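The data below hold one chain only, encoded as structure tokens and taken in the form predicted alone.
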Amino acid sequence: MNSPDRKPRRIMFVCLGNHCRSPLAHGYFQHLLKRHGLEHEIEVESSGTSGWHLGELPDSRVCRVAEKHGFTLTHIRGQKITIQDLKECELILVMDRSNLRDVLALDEQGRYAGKVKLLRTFDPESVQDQIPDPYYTGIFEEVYMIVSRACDALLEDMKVQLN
């Protein structure tokens, strides 16, 4: 576990607007960390590849799904990913291949590509690697199920690394 002189690990979830998928993953993963007593071991952030929702709360529909499952997203505000985030985060988890491409494009020298992964690759029940965007389709509950499975598996993976 974290010693007093070691900084917490920092991870970031990324989607297009930091309005639906990444705030959901952010809030759910923080919820998991608290439940497992690891909130001081890992810091969680989320961002978008666009600046469409800067400073805004997550979509109200995703907030309702989160509340239904026992956590809130009211502490999260939309922000845009930066090259500094790539430098400082140990792991960047993107929701789809478009996000992956956009995040990797920030890293012109390719120094941080090994830190960027598709979140859904952690989902043990999926053969897909992308998490669909529920903004226009309204499939917020389905996206919650995907995100929660992937985050549960991600945490198990990270717990092994923390020991």
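Every value quoted in this text rests on a predicted model; they were computed, and no experiment measured them. Numbering starts at 1 and runs along the sequence shown.
The same protein also exists as the form predicted in complex with 4-nitrophenyl phosphate; that form is not shown, yet it is the one meant from here on.
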Can you tell me if Y112 lies within 4.5 angstroms of 4-nitrophenyl phosphate in the predicted bound form, counting non-hydrogen atoms only? no
Should R120 be counted as a contact of 4-nitrophenyl phosphate in the predicted bound form, where contact means heavy atoms within 4.5 Å? no
D133, heavy atom within 4.5 angstroms of 4-nitrophenyl phosphate in the predicted bound form: yes
Taking 4.5 angstroms as the cut-off for heavy atoms, does L16 touch 4-nitrophenyl phosphate in the predicted bound form? yes
Options 103-111, 26-34, 122-130, 49-57; stretch whose heavy atom lies within 4.5 Å of 4-nitrophenyl phosphate in the predicted bound form: 49-57
